[in-house]
Each structure stands twice: as C-alpha cells, then as structure tokens.
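Read the single chain below, which is given as structure tokens and is the form predicted alone.
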Amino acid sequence: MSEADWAESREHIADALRAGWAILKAGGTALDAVQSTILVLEDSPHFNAGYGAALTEDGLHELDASIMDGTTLAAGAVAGVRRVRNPIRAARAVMEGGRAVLLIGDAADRFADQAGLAMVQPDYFTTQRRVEALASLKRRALDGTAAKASEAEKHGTVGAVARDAKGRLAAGTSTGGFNNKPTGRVGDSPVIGAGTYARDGVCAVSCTGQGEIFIRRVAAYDVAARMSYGGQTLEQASNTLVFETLKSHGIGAGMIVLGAEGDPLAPYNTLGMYRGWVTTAGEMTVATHHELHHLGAVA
C-alpha cells in the first residue's frame, strides 16, 4: 500500500474511535460504543468487513459479525449474509430479538430486512483491491505458493471492545472472512467464545486471524477463563494465547482486549495489525505496525 493509503487507514481507525468515544463520553453504553465503532470500519474500503470485504472462491461476499453484552452475556450474530449493508447492525438485531444467537445466510438477510436495516446489492461490497487479491490467491493456489501469501492478501477482521462509565463491557467483531475462502465457510468472528467474548468484571475480547484455529481453541473465551480460573492477568492471558497457543499452529494471530478497569491491550504475532484505543483519560492512539501514533485528546 502507498503511504497515503496507510495514512487514510489510520484516519479511518481514528474516526471509528471518535464515534465510540462520543457515545461513552455522553454516558452511553459499551454496547452502543462497540456498534458505532464497527459501523465506521464496515463503511471503510480499507478493512475486510462490510464495504471492501473479501471474496469467496466463487467471487461472492459472505459476511459474518457478532456482538456481546458483558453485563447480561446476551449475544447476537449473523453468518454468510450478502445483502445487509452493516452486518454488525444485524448481529445486534438478532441479540435484541432474543429468539436466537446466530442466524445464517438468506434467513439472516431476510431477518435484517424485516428489522428495517439498510440492504444493498451484493456488488456494493466489492472493491478492486479485493478482486485483485482473489485473483492473486487463485494464481498462488495453481502454482503452489499459497502459503507465501501475505496476511493482507489472505484475511482480516474488524472489531471493537469497550468499557463504559458504569463498568459494563462489550465486544463485537465483523469480517468478510478470508479471500478465496470456500463458499459457505464460517470462521470465528460470528462464533461467541471463539472470535468474540465479553464478561463484566473480567474482560472483553475480539480476535483476528485464521478462524478455524480460533474456533478449535475457543480463543476469546480462553482469555476470560485464564483470568477467572487461572488467576492470570489480562496481559498474561492474551499474550499466552497470541504468542504461544495460537502461534504454535503456525498462524498469524491478534486480538484486542480490554480489562475490567478499561486497560487496553492489542497483542499480535505478525508484522503489523490495524489497531487503536482511547484511554479512560480520553487520549487516542492508532497504529498499523510497531510505530504508535499518539493523537492526543479526543475532540
């Protein structure tokens, strides 16, 4: 990517943080802050969620998202949706509907439509960058170099975790999956406990990486379990998952985590990971690689 693209990516992350912070500063809930933050990222072409999402092996978009309330442990998720503009809104609607935790495919799209959410034609999500990434991965599959593909070519996810003024935690995750994925494949992002988890007094977690491994390791919940049952700190638990457990499978992995007191961490074992946070004092930081960009107090 060009430096201009990197700069715009960081600005979109900052925009997302501002959206979430505005809700928290006004006394809103962690759940609303998470949703608002992810909405900005879903509408940006720089991230693999919503507009600009990955394409399946058949050139389709199948989007996944989930959201969880750490206070009540209520959760909602959708998988394989193709027409709802913002999958995180659909996940929230499923949660509030109370009849299911996870809806899939056409049924999830119909549910979103009936809930009055914005719907689009599937090609709305397509960007030239994802078309080129799909073509590249198909070429790599033919010449046997798929393992050498960059993390950016393969996959990506957006997520948010938040703690509000009342100490309530929430987490959400949204993704297009990985480029050239099998049609019908579902990763960890819409699976509560694998890609997303929140519990008041413990932590909120959103994950990114090869979803199959996160599902098998129940990665997001494992962070909470290590803290609750193993007595580990947030840093110990998340670092163990990213740098030991998940790395042992030979995959790129990362997560954003927030503790009961609002302490943010974003461990990753790759060259970089889009990330950002606002501290309890209102100071904002964004980053794509190791260098941190401190943007000062949020306006």
Ligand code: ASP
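None of the values given here were measured: they were computed from a predicted structure. Each residue number is its position in the shown sequence, starting from 1.
Form predicted together with aspartic acid (ASP): not shown, discussed below.
Taking 4.5 angstroms as the heavy atom distance cut-off, pick the stretch from 186-194, 133-141, 116-124, 93-101 that is near aspartic acid (ASP) in the predicted complex.
This holds for exactly one stretch, 186-194.
State the residue from Gln210, Thr71, Asn180, Asn86 whose non-hydrogen atoms include one within 4.5 Å of aspartic acid (ASP) in the predicted complex.
Contact with aspartic acid (ASP) in the predicted complex is made by Gln210 alone.
Does the 4.5 Å heavy atom contact test between Gly80 and aspartic acid (ASP) in the predicted complex come out positive?
Heavy-atom contact with aspartic acid (ASP) at 4.5 Å: absent for Gly80.
For a quick check, can you give me the residues of 234-260 that have a heavy atom within 4.5 Å of aspartic acid (ASP) in the predicted complex?
Stretch hits: zero.
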